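Single chain ahead, by itself, as structure tokens, in the form predicted alone.
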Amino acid sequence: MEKPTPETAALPVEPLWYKDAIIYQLHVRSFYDSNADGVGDFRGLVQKLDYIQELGATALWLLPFYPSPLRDDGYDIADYTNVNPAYGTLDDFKTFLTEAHRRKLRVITELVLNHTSDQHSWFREARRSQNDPRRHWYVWSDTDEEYRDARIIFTDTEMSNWAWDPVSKQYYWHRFFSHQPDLNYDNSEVREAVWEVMKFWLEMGVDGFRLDAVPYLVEREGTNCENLPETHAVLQFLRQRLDEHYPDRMFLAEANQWPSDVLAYFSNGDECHMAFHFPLMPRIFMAVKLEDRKPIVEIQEHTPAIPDACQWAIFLRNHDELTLEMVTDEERDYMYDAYTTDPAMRLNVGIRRRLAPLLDGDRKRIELMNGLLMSLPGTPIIYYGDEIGMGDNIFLGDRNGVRTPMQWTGGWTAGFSRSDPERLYSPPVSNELYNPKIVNVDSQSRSEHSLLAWTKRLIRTRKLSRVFSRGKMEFLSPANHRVLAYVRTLGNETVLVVNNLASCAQAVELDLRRFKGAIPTEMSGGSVFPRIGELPYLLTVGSYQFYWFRLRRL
């Protein structure tokens, strides 16, 4: 194993940096190709770091870039301590990390803890013989009858969580694809090996890990094999090691669970620093489609308080399907009816579409959704290309339709590569609404009225105050259910957020008597609104419009 160099760890120690971050999620493969081979790489990503910095992002989350058979887009890792040759070398990664840090961009890498590829050397050794020293690094059985209460996650492709290994004549356990055998965390050697992997990247200067599929680390008979106490013990073991040696780094848990179950992944502030708020995301879409604040208010009111040093990660879309696991059957049917006009848009228990096509390219709704993302409690995550309104290709397999090349220009390859279009790892979107001639960074960079320019202004406005990243939230309850209003407070600072979820203008009366005498100042443009008095505060809000008001007493 090559020893990493520490010179890339150049950023100052700020233990809570993740609370104030704006995270930009991207796949190295999809972002920019520097050597004209049709595949994005780290050298290409370095060339585009200025773009990410100018957007306003403060952290990057990279999808898996490790050596892999790529049967699951890199989530089937064959070597935890190297770089897929298609994306470059370890030296290229170190250069990228140095350049990102030079621009004050933190770097969060993906770490798949639950499973490896069946091509990983650990599994190749484990399957050689039932007596191999690494045999118990994975979970084996003579039958496929154990752990029957565990649900199947990839319902479209897998019939069982067990797969027969013809080499060693036993079944092995997998919660995801059958080519991704689960590691055995009851084995202390596995826990130590995973920590050594973490240490390798931490020594190089990586700022955090997005921990993939953490609810499934441990199996126990008679349970659903999710969220077990033993799983939390594994994460606390890793967190203790992290705090001892790297106190300003962080863990982001991917736990697609109800907020009450996710709470345990924060523990007492000694497990994961952050966790995704999965159930919030589909309810934002429901609220806008229903023109009713109820779905958002209900899920937020059922979200428990978390330790002060912890933070939710919130998002609108990402590299996976828009998951509908954490909704009721009735809500799932509604989302399918409202957002999938073609069966090809569905996958597993979700919808494989990007933000702009989900909203029919409606600029006002896209802006409203982003306004909610930036003003609700948590650290916002922007999926690459959503800042320009990129489209998708639902006819590509699996979830690849939302992982197409970044659209930099209107050229044949979308400015992603100098190669022939036929060499690209994936064709750019070509439909008449979202193709690169219509949607690209170059053209939007030339207009102050583009979605890209608007997104930059929104991020700049959010950064004016930590009230959005660290403040408390309290919902208001106006009679008009089409208006979602809440107050964010931090210390002596108060911000009033008013969102019109409807397709037509709405009038709303807000009970703001406790702020009597304060003057609302609209944050994006500085416009001053009438002083708050004893009477209900009347506002008229345009279709899908939102306001952020700083309440000041002069």
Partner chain sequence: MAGPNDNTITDESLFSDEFLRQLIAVGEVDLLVGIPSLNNANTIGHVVQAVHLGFAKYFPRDRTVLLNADGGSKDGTEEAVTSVSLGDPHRMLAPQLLRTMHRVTTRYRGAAGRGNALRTILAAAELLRAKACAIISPDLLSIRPEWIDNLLRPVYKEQYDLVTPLYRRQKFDGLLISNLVYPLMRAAYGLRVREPLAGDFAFSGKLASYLLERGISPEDASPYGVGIWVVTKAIRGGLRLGQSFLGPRIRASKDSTQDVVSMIRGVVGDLFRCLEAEESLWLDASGSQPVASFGFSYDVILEPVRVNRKRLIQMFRNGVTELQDILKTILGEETFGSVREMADPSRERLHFPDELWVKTVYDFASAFHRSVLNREHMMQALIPIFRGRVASFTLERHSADDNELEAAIEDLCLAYERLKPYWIERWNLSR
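Numbering follows the first chain given and starts at 1. Just so you know, these numbers come straight off a predicted model, no measurement behind them.
Just so it is clear, the following notes concern the form predicted in complex with the partner chain, a form of the same protein that is not shown.
Taking the partner from elsewhere, L90 is found to have every heavy atom lying beyond 4.5 Å of the partner chain in the model of the complex. Although the partner is absent here, H245 lies well away from the partner chain in the model of the complex, with no heavy atom inside 4.5 Å. Contact annotation: E99 falls outside 4.5 Å of the partner chain in the model of the complex, judged by heavy atom distances. Contact annotation for L490: none of its heavy atoms lies within 4.5 Å of the partner chain in the model of the complex. The partner is absent here; in the model of the complex, the one residue of D308, E192, D337, D132 having a heavy atom within 4.5 Å of the partner chain is D337. Checked against the partner chain in the model of the complex, the residues P215, P428, P282, P295 give one hit for a heavy atom within 4.5 Å, which is P295.
Stretch 473 to 481 is the contacting one of 118 to 126, 152 to 160, 473 to 481, 166 to 174, since its residues have non-hydrogen atoms within 4.5 Å of the partner chain in the model of the complex.
Residues T328, E330, E331 are the ones in 316 to 332 with at least one heavy atom within 4.5 Å of the partner chain in the model of the complex, listed in sequence order.
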